[in-house]
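Two separate entries follow, structure 1 and structure 2, each one form of the same protein chain as structure tokens.
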Structure 1
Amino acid sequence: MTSYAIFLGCTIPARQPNYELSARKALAKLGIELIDLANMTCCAPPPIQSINLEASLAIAAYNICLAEEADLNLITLCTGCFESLSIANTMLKADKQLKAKINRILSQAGKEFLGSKEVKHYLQVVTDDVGLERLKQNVSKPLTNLKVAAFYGCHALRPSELLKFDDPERPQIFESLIETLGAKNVEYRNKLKCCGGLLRGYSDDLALNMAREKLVNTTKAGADCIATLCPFCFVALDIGQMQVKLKFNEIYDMPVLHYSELLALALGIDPEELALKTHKIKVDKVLNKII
């Protein structure tokens, strides 16, 4: 059994029990233990970095310190958290001066950043710690016939030099994990482009144009659903479809599922346990295809 300190962030506990439930249940089934540490805060994402970089690095590092104290590596579900924490972790490990500066700030909260731990996204954990072979053996309800459009979002892949997640131009991790569940991966145009999630609230017009493009292209490719890795992408594409309908008068009815939900279903976890009602776009079409 491999153990990780889970970093949940805010968006998932605030509005996506479907993500948290499916991830916790599926990872437990795969022998990954998640430990909830006290005191974890916000990851200080790009909008906060925009206000004050030092404060953001200190806040991110504070959370890494908690994991260091518990002698655990961190696992995130949200790719936004993955990116913010990884950037802080890598920047501080690489730059002694910056590390010293942030440590002076952290000492006010009784912490010291050592740089002894890793930040991982759960997709990496499933790939590296579980492995495709063992994952396959655990699939009891293969998602045969399901055509899935993988949407990485931005913050798993880029900046690639800092995150080292996968080849940023031709990533394979996600596609392989989808196919291991027995589903079919479908390719679509402009797959690696941003969904506009971070612009929601600042420029809804741009954000909706970007989300709409995903819906157009995945529909054209004949996908049954889009699979996501990030709660923001999920909001942009799931709830976003309601807004796209109002703005463009177009209905896509494209179910959006987190990869963890597909994983949980394929591992035979009862859909009733997964809070699937959280989805604005009903997932019945997907369930009917696989059950």
Structure 2
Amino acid sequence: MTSYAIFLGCTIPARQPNYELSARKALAKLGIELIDLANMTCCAPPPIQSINLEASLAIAAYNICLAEEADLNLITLCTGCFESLSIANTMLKADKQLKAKINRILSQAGKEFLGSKEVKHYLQVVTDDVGLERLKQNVSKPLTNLKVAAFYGCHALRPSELLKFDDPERPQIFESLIETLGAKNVEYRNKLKCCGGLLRGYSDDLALNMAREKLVNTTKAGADCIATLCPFCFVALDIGQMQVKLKFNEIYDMPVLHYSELLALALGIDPEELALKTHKIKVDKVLNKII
């Protein structure tokens, strides 16, 4: 069994127990052990980077230090957390002067960044540590009748030179993992365009228009559901449908699931164990195509 320190971030524990639950259950079934470490803090996400880069790097590096002390690589579920932690890990490993500067800050908390561990998104762990062939062998309920629209969001792919997650213009990792579960990957217009999630609270009308566009395009493409990686994308497209109904008088009834939920279902995990009732848009029509 391969072990990782899990970094949950802020949003998932507070607002999306379904994401954490499905990821834990699915990864355990695939032989990935997730270790919870004490004293993890915020990842200092991209908005903080734009205000104070050194503070952002120091906060992110603090979390990596905890994984280094436990002699574990770090796995993330949230793509925003993945971006923050990966950027810090890559930049500090590459720049000795910057590393020394950040370590002076970390020393005030009794920490030192060594650069000895890796930060991975859970899709990378499934791809690299499990592998598509072994994953396919573990699928007990293939999603054969399901047409899935993959949505990466913004923070998994860029800045590509630092994250090295996939080709930012023509990514394939997500699509490959969907198809390995037996589902059909559905291509749709403006697939890589932002959902507007991080604009909520700042420019709500613009955010809602961007989410609506995603719903329009996936519906026209014939998708049965949208698969997400990011908790903010999930909120924008799940709760967003209720707001679209109020503002535009349009009903899409498009289920939105995290990939980890589709993965758990394909591995034969009972839907009752996955907190699917926390979704605002019911996922019954997805379950009916699987069970």
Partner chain sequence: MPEKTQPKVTKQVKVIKANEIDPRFKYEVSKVPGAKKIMICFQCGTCTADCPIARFSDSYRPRKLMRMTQLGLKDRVLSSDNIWLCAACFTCVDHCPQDVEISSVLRALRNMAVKEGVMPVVFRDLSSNILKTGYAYVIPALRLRKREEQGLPPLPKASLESIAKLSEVTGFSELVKKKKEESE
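Only residues modelled in both forms are compared. The term rigid core refers to the maximal set of C-alpha atoms that superpose within 1.5 Å between the two forms. Quick caveat, the model's predicted, so the values are computed rather than measured. Residue indices: 1-based, along structure 1.
Working note: structure 1 is the copy from the form predicted together with its partner chain; the remaining copy is not. Core-superposed difference between the two structures: one segment of three or more residues with every CA shifted 2 Å or more, namely 47 to 53.
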